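Below you'll find only one chain, the form predicted alone, shown as structure tokens.
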Amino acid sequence: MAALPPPVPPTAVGIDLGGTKIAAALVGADGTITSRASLPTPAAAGPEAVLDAIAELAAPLLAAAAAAGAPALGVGIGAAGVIDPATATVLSATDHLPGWAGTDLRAGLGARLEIHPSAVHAVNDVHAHALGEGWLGAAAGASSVLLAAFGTGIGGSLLLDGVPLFGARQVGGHLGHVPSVEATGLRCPCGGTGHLEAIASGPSLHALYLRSGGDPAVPDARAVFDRAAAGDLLALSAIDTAATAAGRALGGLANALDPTAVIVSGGLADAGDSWWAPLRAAFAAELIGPLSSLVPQPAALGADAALAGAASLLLAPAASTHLPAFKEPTPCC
């Protein structure tokens, strides 16, 4: 009697939905990405158009998995906004995605892709990034991970044994809205004042440079870093202030949470030593003694972290234990 062939490992589609771009990938059970695609986010056209675009990307990936004989368990999404992971519903969102609040990702994509709604899972995009880094990246194997993303905004996630801490109202991880001495009196995009995002995000760093008397022709934070590399003292000072604020906040959170690893990602994390050096120095200065060996590390997976993390909602059961009555998924497609 001939031996049966070994079962084909499952796959899942991972989606990274941002305000400007939607990326999609077919992810294997070991985290390997075999196919990928992307589209601009049709944000101005409203949520139905955004769902159409996600389905346009996901459908051929699901079909490719079926053609290859690799069962697709479904679609995992890391989406901008506050997401209820139990229902895959957007609870609130910024103006980057007009009308996005209230969108039911599970129902909308289930209908468009002709799959059972239970095969669609979703979390906030920074939680997805943390899940990817915790599964395959810089924090692989760590029992607790604090991830902070510094870019246009500031987000974060705390993973405990591979599961994000969402909080009672699903807003866990909003690190940009912890108080910061350096931001005293500065208005935050959330409407409050004195929050970390008002001083340590990319746009806030740029605004600080201009307030300090910097060249008004400098258009954004990236250009501030270019000026710093050329020796512009105002640029160097703005970067130092923003990075110090980031490091102090992370150090305080580390004291409170005692994570195994601290991972830093986002656009500013690619800025080089002029940003990393003051961040790490400020972080170290805040730590209490038992945490003295803890050092923030850069994320390892880049843009693939959110894709892998979104897919892990189906492929890595630990990431999905927050879902009611979670069971091992069966192929949807």
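From a predicted model like this one, the values you see are computed outputs, not experimental measurements. When you see a residue number, it is the position in the sequence shown, counting from 1.
Note that the form predicted together with a further copy of the same chain isn't included here; everything after this is about it.
Figure note: of the listed segments 118 to 126, 70 to 78, 242 to 250, 217 to 225, the one touching a further copy of the same chain in the predicted complex, with heavy atoms no more than 4.5 Å away, is 242 to 250. Though the partner is left out of this view, S201 does not reach within 4.5 Å of a further copy of the same chain in the predicted complex, counting heavy atoms only. For T184, a non-hydrogen atom is located within 4.5 Å of a further copy of the same chain in the predicted complex, even though that partner is not displayed. a further copy of the same chain is not shown here, but in the predicted complex it comes within 4.5 Å of a heavy atom of E286. By the criterion of a heavy atom within 4.5 Å, A256 is counted among the residues contacting a further copy of the same chain in the predicted complex. The putative spot formed by P40, L268 and A277 is not touched by a further copy of the same chain in the predicted complex; no residue has a non-hydrogen atom within 4.5 angstroms of it. Interface residue among P98, G102, G141, G167 relative to a further copy of the same chain in the predicted complex, by the heavy atom within 4.5 Å criterion: G167. With the partner omitted here, the residue from A86, A229, C190, A107 that has a non-hydrogen atom within 4.5 angstroms of a further copy of the same chain in the predicted complex is C190.
Along 160 to 183, these residues reach a heavy atom to within 4.5 Å of a further copy of the same chain in the predicted complex: L160, L165, F166, G167, A168, R169, Q170, V171, G172, G173, H174, L175, H177, V178, P179, S180, V181.
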